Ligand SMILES: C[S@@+](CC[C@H](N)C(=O)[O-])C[C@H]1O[C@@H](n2cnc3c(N)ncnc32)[C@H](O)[C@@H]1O
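Presented as structure tokens, the chain that follows is alone, the form predicted on its own.
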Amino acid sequence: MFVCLSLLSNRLFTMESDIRILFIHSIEQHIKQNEFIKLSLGNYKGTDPDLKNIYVKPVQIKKQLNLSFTYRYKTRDITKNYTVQEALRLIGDLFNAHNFAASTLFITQANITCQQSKNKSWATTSSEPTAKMPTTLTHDHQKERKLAQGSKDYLHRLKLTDEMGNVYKNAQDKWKQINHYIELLSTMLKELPAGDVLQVVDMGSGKGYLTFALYDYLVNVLGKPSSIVGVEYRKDMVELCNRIAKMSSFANLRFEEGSIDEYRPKIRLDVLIALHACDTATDDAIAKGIENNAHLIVVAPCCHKQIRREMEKSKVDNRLDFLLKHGIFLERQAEMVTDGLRALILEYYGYQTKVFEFVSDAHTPKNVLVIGVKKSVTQKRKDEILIKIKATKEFFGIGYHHLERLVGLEV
């Protein structure tokens, strides 16, 4: 007769084979009774040196209950979904192979642990419940956005939403991109030094999608007094954005016509942003941030032509020349070298840098974000950076980096 483990309180079992069979049966029973919350398989004893744990939770996919397995490795997670019967067979195989020496079943009434002791015997105990049943099992649940859709005038005027505030189908990717951008910046914006009014410049603001969203987030979500200037060389875009800003009553948001290299801030510069400024225009923007001692510099580079031309011109003989003879590899290497040197130069001037993915390739191929947060730097570290910059340039046959010349650091 089947006995539910959760009813056995803290009673200890000692029959090894029965214990593991009973534990697996208990998982199945609690799934049928809608009491299963999650399962943790730990203390891995298998042959994969990088696998640490497996976590199992219920998930609903296409209206069918499945079990989602998250394989936790040292440097990554891999998720696989199985039907309930497939999952139970897999759990049974893992137990029979003795791959995991400690497993905990979380149900609504208790936590049930099945564990192997040092002398290889198995025992099962139960304790008070610590996990809560999730509110939804939907696999593709909607992610909470930093900016709600709603009836925001500027979104409708920018042709992202209809009059009711619903995002147009063909604007879904742009909407996700905007929110992802705000999400990445949100923590850093909150940590900026307190001041009277946060002064932000968006270099190459284009149609202003992200500029408007950032102003909305700072002023209306965070309640942070802010002034934002969008710099754009296309006169029609500047006029359009200024008109929308006025109609939206965004009093401290304005757009100015001009190029990045010619722009001269008229006010203190706290945050500098340049998304998809082409080739050396990104360097122009970073230099403006460094020169004006901006607290936060955020750029998403594209079109890394200047360094690629330097590498093509020199054709140095090094350990990577077998790769660089292929155009696509040379292009990718030039991108990494360009942005790597940009990060080093930012660090030389006292910025703590991060380089990571901006948005997935599904939305835009320009997906690297370089962020610099103003901190401090020792002279020893500056000397080390100069040596590293020089060595990198020599290795790839680079005569100069445009940002070096702009800030007067050419080595």
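Don't overthink the numbering: it's just position in the shown sequence, from 1. Just so it is clear, the model here is predicted, and its values are computed rather than measured.
Another form exists, predicted in complex with the ligand; not displayed. Remarks below refer to it.
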Partner contact check in the predicted bound form: of 197-205, 161-169, 333-341, 123-131, the stretch with a heavy atom within 4.5 Å of the ligand is 197-205
Taking the ligand as it sits in the predicted bound form, is residue 233 near enough to touch it, meaning that at least one heavy atom pair lies within 4.5 angstroms? yes
Does the ligand get within 4.5 angstroms of any non-hydrogen atom of residue 327 in the predicted bound form? no
Since only the chain is shown here, I'm wondering whether residue 209 would be in contact with the ligand in the predicted bound form (any heavy atom pair within 4.5 Å). yes
Using heavy atoms and a 4.5 Å limit, would one call residue 221 a contact residue for the ligand in the predicted bound form? no
Only one of 157, 276, 72, 180 has a non-hydrogen atom within 4.5 angstroms of the ligand in the predicted bound form; which is it? 276
The listed residue (307, 260, 294, 105) that reaches within 4.5 Å of the ligand in the predicted bound form by any heavy atom is 260
Residues of stretch 161-181 in contact with the ligand in the predicted bound form (4.5 Å, non-hydrogen atom): 174
